[in-house]
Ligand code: AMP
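Quick heads-up: it's one chain on its own, the form predicted alone, in structure tokens.
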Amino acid sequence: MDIFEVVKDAATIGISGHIRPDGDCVGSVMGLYLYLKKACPRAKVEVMLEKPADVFACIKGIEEIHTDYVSDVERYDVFFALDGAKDRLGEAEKFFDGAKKKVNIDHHISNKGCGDVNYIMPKASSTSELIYDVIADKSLLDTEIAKALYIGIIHDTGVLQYSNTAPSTLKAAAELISYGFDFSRLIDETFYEKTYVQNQILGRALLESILFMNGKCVVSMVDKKTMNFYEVEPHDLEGIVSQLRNTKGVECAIFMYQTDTLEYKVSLRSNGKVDVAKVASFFGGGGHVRAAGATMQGTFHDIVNNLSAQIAIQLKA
């Protein structure tokens, strides 16, 4: 795909990503936005997205995001759904559905494509890497576009250490840092650095984690009462499940936080023996072989029991 060929005749272009946007979602959305602003100077380009975490304030144009999902464009000529299918766009789904041309770019294996134009590459490290790939004219890249895409790549690859990191990923990352931004500082400030409260809730989650299935699985949960006590938002909980996965002997880590009465957002991470995308898909979620998630209903113990049954099938196999 050459992204310019998709949008070259468009007067209005919209871009959105999934609810609760993570680093790859924010990086790919903003990287594409900054590129299209340069490639299509006469077009009106807008981003609809939930407010990103403060750590992404370093990305140029982040303040231009329509977090209120309000636009004076009645029907976009082209609308992009990035890093997920349209059912994860939240309030932006109506703009996607109403667009003259719908484009879906993603790397999640559970996404079968929901656009008129689909670029779904499950083997790619991140949607940000895919955006880099579809920019055929690399002469339009600049430091700010490169920075946004690099952030997306490092967040979805765990700073290039997860198994989804391929030679093509390293090549893309190398070419992006050639634009001269301080990539080391960027990694520290957007990936590793945590606030005092984020460290507190991480400590609490680790302290209250439970090993089960003969030490092959570990689970932790944060309820609404605890989140309110520490005054944390969902984005403050990012990284907890990955830390749980690092527990010696563990094949599958589960972290969940309460979103409503008897409702939890569940994150799953695997060390290779369990395909957590299959587990998540069974419960209406999705993701990757080693990183997936779903929203589930029930008590904490009900959800753990239901997940355990699906995980056990794979561990026995």
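Computed from a prediction, not measured in an experiment: that's the story for all the values here. Don't overthink the numbering: it's just position in the shown sequence, from 1.
What follows is about the form predicted together with the ligand, which we do not show.
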Quiz item: Honest question, do 88, 108 and 267 all end up within 4.5 Å of the ligand in the predicted complex by heavy atom distance?
Solution: yes
Quiz item: For residue 291, is any heavy atom within 4.5 Å of the ligand in the predicted complex, or not?
Solution: yes
Quiz item: Does residue 52 reach the ligand in the predicted complex, with heavy atoms at most 4.5 Å apart?
Solution: no
Exercise. Have a look at 41-49, 28-36, 60-68, 282-290 and name the one stretch with heavy atoms inside 4.5 Å of the ligand in the predicted complex.
Key: 282-290
